[in-house]
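What follows is a single chain, given as structure tokens, in the form predicted on its own.
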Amino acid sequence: MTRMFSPEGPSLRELAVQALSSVERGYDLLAPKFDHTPFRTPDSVLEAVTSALDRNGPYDDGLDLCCGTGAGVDVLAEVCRRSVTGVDFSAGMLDIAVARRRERGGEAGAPRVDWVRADARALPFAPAFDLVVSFGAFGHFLPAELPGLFAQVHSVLRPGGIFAFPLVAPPRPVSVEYWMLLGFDAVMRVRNAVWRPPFVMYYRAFRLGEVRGELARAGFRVELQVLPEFGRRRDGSPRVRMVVARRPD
């Protein structure tokens, strides 16, 4: 128990310090070990989204919203022809993303990659993108912030552009995972009630029905695409979908 998740991951003490920080400061601290935690989007999800985006393309310019250490930027580099931009408000996470990309080096014909430090709720871009993606970041936004967040995404997309992200089916109330996530959210609510600055991270606050409604109100046409790589649950519903929100032409 001296290390969490893997030998290279953060210790319990490091996690405690991060949890008592602001979201930005917490991720600055976590950044060097983030890729060794379960918080990073699994490669299986990234690969499935890449395949699905290929079927919806082509795209010239892509934006990874709340890019973290750059896993989503790698997805965009596979499907975009001209440029890819990663945006995040954590300088520490961006430093790791830049270092990872530099180690891998550029490939002939690959799109240009840029990095921007900014808050997703105030994006510093014109309508310059055909595709915006995001992976695992929505738990950091309260439900009341979603209208503004989606309006920002809408504002940076060109007409006909899409906003895409994977969404895992919620666990059943009879499952251990359901009660673990419920417990985590309860602990975070207590923590934020008694400690400042707040650390916003709730696993059960991003609900498909509400999200579809807010995307529609922001001006998107919304469809759901099944990611078949993950199969279906016993009731026949897909385990993982990709939300595709298109800005009308």
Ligand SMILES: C[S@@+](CC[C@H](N)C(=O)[O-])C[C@H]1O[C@@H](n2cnc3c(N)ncnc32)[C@H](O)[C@@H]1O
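All values derive from a computational prediction rather than experimental measurement. Start at 1 with the first residue shown and count on from there.
The protein also exists as the form predicted in complex with the named molecule; that form is not presented, and the subsequent description refers to it.
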R40, A118 and A137 - do all three of these have some heavy atom no more than 4.5 Å from the named molecule in the predicted complex? yes
Interface segment, criterion being heavy atoms within 4.5 Å of the named molecule in the predicted complex, picked from 155-163, 124-132, 81-89, 173-181: 81-89
Only one of A77, L146, L167, A71 has a non-hydrogen atom within 4.5 angstroms of the named molecule in the predicted complex; which is it? A71
Students should find that, of V226, V23, L12, L20, the residue having a non-hydrogen atom no more than 4.5 angstroms from the named molecule in the predicted complex is V23
Could you tell me if A97 has a non-hydrogen atom within 4.5 Å of the named molecule in the predicted complex? no
I'd like to check something about C67: if you look in the predicted complex, is any of its heavy atoms closer than or equal to 4.5 Å to a heavy atom of the named molecule? yes
Taking the shortest heavy atom distance, is Y59 within 4.5 Å of the named molecule in the predicted complex? no
Would F206 show up as a contact with the named molecule in the predicted complex if we use heavy atoms at 4.5 Å? no
